[in-house]
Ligand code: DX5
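As a starting point, one isolated chain is supplied in structure tokens, in the form predicted alone.
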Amino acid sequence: MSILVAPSMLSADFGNLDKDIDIVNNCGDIFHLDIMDGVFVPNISYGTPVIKAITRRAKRPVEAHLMIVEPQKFFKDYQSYGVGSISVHYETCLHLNRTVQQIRELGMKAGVAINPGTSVYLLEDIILEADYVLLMSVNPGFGGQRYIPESTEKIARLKKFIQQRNPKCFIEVDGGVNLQNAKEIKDAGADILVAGNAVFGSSNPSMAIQELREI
């Protein structure tokens, strides 16, 4: 399977959002929505009006990356907006198994996100229930950060671990992904690349998506 590209709408032009939504509709694979609350991460992103604007116009699957505390409070809302996948952070969920099950019971795919400082081996039990793992290759909270080089080895460890425990589980990598490091990320075992600045900061976002996919 060729690698999938999930443009991060956090880097889109909010003054001309329809244009960037259509770029993803025409060239991308997944809409990636970064939801921040200013509590779990030191930043706040967009709220319900922007999420609804994206899901109404989206013709590709939409996933929400919830960098928030108590994410379970919002699952039904996101499902009603048309979001098809939700990832929650290992670091915020006291009852992670229950949280993942709540996502799946609503008919959505469930992902577990981990910060750069969180070991992949902490996912030993939950990996059987997860549809994907979102591996953060920067510390969450801000776009435009540099890829942490040690993440490549971590992806490889996660891939080996997943092959042993749940081969159907995808690996999604988020943070500092660009044309310079996409090949090593893919070769290490990633299935989905989240790219923000590498896409929307390009003079030709459509071409950037295609180049990432074909790397």
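The model shown is predicted, which means the values in this text are computed figures rather than measured ones. In case it trips you up, residue 1 is the first one in the sequence shown, and so on.
One more form of this protein exists, namely the form predicted together with D-xylitol-5-phosphate (DX5); it is left out here, but the text below deals with it.
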Check: Out of 100-108, 73-81, 133-141, 116-124, where are the residues with a heavy atom within 4.5 Å of D-xylitol-5-phosphate (DX5) in the predicted complex?
Finding: 133-141
Note to self: Check for me: heavy atom within 4.5 Å of D-xylitol-5-phosphate (DX5) in the predicted complex, for each of S11, M36 and N197, yes or no.
What the structure shows: yes
Next item on the list: State the residue from L158, I185, A64, M67 whose non-hydrogen atoms include one within 4.5 Å of D-xylitol-5-phosphate (DX5) in the predicted complex.
Entry: M67
Check: Could you tell me if G176 has a non-hydrogen atom within 4.5 Å of D-xylitol-5-phosphate (DX5) in the predicted complex?
Finding: yes
Next item on the list: May I ask you to list the residues of 145-168 that have any heavy atom within 4.5 angstroms of D-xylitol-5-phosphate (DX5) in the predicted complex, in sequence order?
Entry: Q145
